[in-house]
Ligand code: HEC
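This document opens with one chain alone, in structure tokens, the form predicted on its own.
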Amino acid sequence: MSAAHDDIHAHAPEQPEVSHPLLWSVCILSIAIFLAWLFFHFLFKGMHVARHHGKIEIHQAGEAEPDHKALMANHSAEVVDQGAAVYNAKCASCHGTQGNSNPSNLKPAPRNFHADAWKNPNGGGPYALYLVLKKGLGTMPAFPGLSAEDKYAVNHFITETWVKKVNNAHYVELDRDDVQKTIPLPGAAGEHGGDHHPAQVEVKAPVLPLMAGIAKKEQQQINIVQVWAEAASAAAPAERKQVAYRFADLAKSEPGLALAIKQTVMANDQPRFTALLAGSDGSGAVRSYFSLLSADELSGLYSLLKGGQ
């Protein structure tokens, strides 16, 4: 009986399918058309609304404006010294340690503070130069990481040390009247961001520990070369004391140059040593004391430093 029952079920007709591929295709296509309609409906609706509104801008409030006029008027020795430190850290790699060379071989060459006129359309006044450091100009980058005090200090250092003394024809004590009218009042809301192209901004990547390590290493190298110069002056015989003392002073005032000179001594490159020291290397920097030394005096200093490397 069981076998007969199984035989009957084995030949029972199959249930017909209640779905069809065409039905599923129609459903999927309908859903796609509906979604496309929703997308374009709200797209054109948004475009229609936007036509009746002006340009949407997002402003980021800056810091309150400093007392520009007080900072412009302060040419004290302390401010100039502060500017010298900022210049050596931020500017010397492009403009040279003496402000009249192009050590990085940039094209176009950066401004020669000893001879060139100002390229800034706002002129060479203190606030005009402040704006260059704030916003950048041409290939000159902006330096948003510098405080207003540092910006004015480095400009005072450049104008008081070089422009006023050796390029006086282009020295500007006060900004033009039209530029002065744009100087914001102390405490006013700072300008919003986005005034300069990203390529014109000094890079502030999240590598501060690495940069701090590099700066520390550079300072260590400067300390080493200054100790090296002091040791050479202390060990110098009487006939070479004056020259050795002058070189030790040079190591303090121009540590970057002293590092380069130490490298020439270590590389046994006496012609390069003489060219750097006397300013005959094509950089345009003239060091009158060393340029007036005789070949024997320069050779004696080289031998003295060679013995203490």
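One-based numbering along the sequence shown. Keep in mind the model is a prediction, meaning the values are calculated, not measured. Between two forms, the rigid core is defined as the largest C-alpha subset superposing within 1.5 Å.
In what follows, reference is made to the form predicted together with this ligand, a form of this protein that is not presented.
- Contact here is defined as any heavy atom lying within 4.5 Å of this ligand in the predicted bound form, and by that definition not a single one of Val79, Ala260 and Tyr302 is a contact residue.
- Residues placing heavy atoms within 4.5 Å of this ligand in the predicted bound form fall in a single listed stretch, namely 135-143, out of 135-143, 220-228, 164-172, 180-188.
- For the options Ala85, Ala235, Ala115, Cys94, the residue carrying a heavy atom within 4.5 angstroms of this ligand in the predicted bound form is Cys94.
- Among heavy atoms of Ala148, none comes within 4.5 Å of this ligand in the predicted bound form.
- This ligand is not shown here, but in the predicted bound form it comes within 4.5 Å of a heavy atom of Pro110.
- In the predicted bound form, no heavy atom of Asn74 sits within 4.5 Å of this ligand.
- Remark: Lys241 counts among the residues lining this ligand in the predicted bound form, judged by a heavy atom distance of 4.5 Å or less.
- Of all the residues from 171-187, none has a non-hydrogen atom no more than 4.5 Å from this ligand in the predicted bound form.
- After superposition on the rigid core, the Cα of Lys69 moves by less than 2 Å between this form and the one not shown.
- Relative to this form, the distance between the C-alpha atoms of Gln82 and Ala248 is increased by at least 3 angstroms in the predicted bound form.
- Look at Ala248 and Asn155: in the predicted bound form their Cα atoms come 3 Å or more closer than in this form.
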